[in-house]
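Taking the form predicted on its own, here's one chain by itself in structure tokens.
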Amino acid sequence: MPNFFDLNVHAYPETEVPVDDMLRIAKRYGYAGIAITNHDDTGKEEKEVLFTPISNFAFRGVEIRAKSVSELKRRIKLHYGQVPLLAVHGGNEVINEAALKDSRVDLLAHPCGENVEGEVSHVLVRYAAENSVAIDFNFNPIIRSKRGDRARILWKMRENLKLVRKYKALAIITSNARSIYDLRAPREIIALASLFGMKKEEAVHALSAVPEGVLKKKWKKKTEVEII
């Protein structure tokens, strides 16, 4: 039985949902662990809270949201080595490129934007593969979208999947959950992944081996990233 992980969950103080509530539901669904990756620009996270371990089940991460490359680099330098998971909020092509070129980044969240309106080029996916930055397939837009938008989102994710396969980049599945109702059981997520062409074994890998490897820095060069 694989160990499943969701590495993009948002909880208090960014949202109103206590971390314990997210942990309770995730455990009930059969996850081996989750990462609380609150944004670092909300003004609600104190440094002492951000860098404090939660539990053996929940990992403390951070999702960097920056408006420029210089700001992104500054924030990466600030958080790198302080948390087990370093994610970047993507969507902007310039930010995407800077994040995917930086081997200190573990995960590019929302590579096409939160509403999947942007594009991910083959050049960007090559950078992701070279630097072992996982490309996020976030299921929140699929679940929340209506029929017309859902078709567009599924098509975009299908195109992204083709590029990930071509360049052998790391694909990771996350929920971007902001409430207990956004969390989904692994078997449900795996079934939904088939809607944009992801095979069952690919979905299992993206929900188990990839996130576990990301947390352990499995694909990072030892000279660049210290193994945790």
Partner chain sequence: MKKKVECKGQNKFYVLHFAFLLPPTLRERKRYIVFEVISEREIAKRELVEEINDAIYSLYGDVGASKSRIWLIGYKKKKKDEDTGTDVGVGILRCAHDKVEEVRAALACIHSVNEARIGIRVIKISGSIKGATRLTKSFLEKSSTLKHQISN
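Please read these numbers as outputs of a predicted model, since none were measured by experiment. Numbering follows the first chain given and starts at 1.
One more form of this protein should be noted, the form predicted together with its partner chain, which is absent from this view; the next part is about it.
Q: With the partner left out of view, is I143 within 4.5 angstroms of its partner chain in the predicted bound form by any non-hydrogen atom?
A: I143: contacts its partner chain in the predicted bound form.
Q: Does any part of E188 reach within 4.5 Å of its partner chain in the predicted bound form? Heavy atoms only, please.
A: Contact with its partner chain, yes.
Q: Can you tell me whether K67 touches its partner chain? I mean in the predicted bound form, with a 4.5 angstroms heavy atom cut-off.
A: Outside the cut-off, so no.
Q: Please determine whether L195 contacts its partner chain in the predicted bound form, using a 4.5 Å cut-off between heavy atoms.
A: Contact with its partner chain, yes.
Q: Given its partner chain in the predicted bound form, answer whether the residues R75, R165 and K168 all have a heavy atom inside 4.5 Å of it.
A: Answer is no for this spot.
Q: Select from the listed residues K101, K156, R126, R150 the one whose heavy atoms reach within 4.5 Å of its partner chain in the predicted bound form.
A: Here the answer is residue option R150.
Q: Exactly one stretch in 156-164, 34-42, 59-67, 180-188 has heavy atoms within 4.5 Å of its partner chain in the predicted bound form; which is it?
A: In the other structure, the partner sits against 180-188.
Q: Even though the chain is shown alone, can you say which residues of 13-30 have a heavy atom within 4.5 Å of its partner chain in the predicted bound form?
A: Going through 13-30 in order - heavy atoms within 4.5 Å of its partner chain in the predicted bound form - the hits are R24, I25, R28, Y29.
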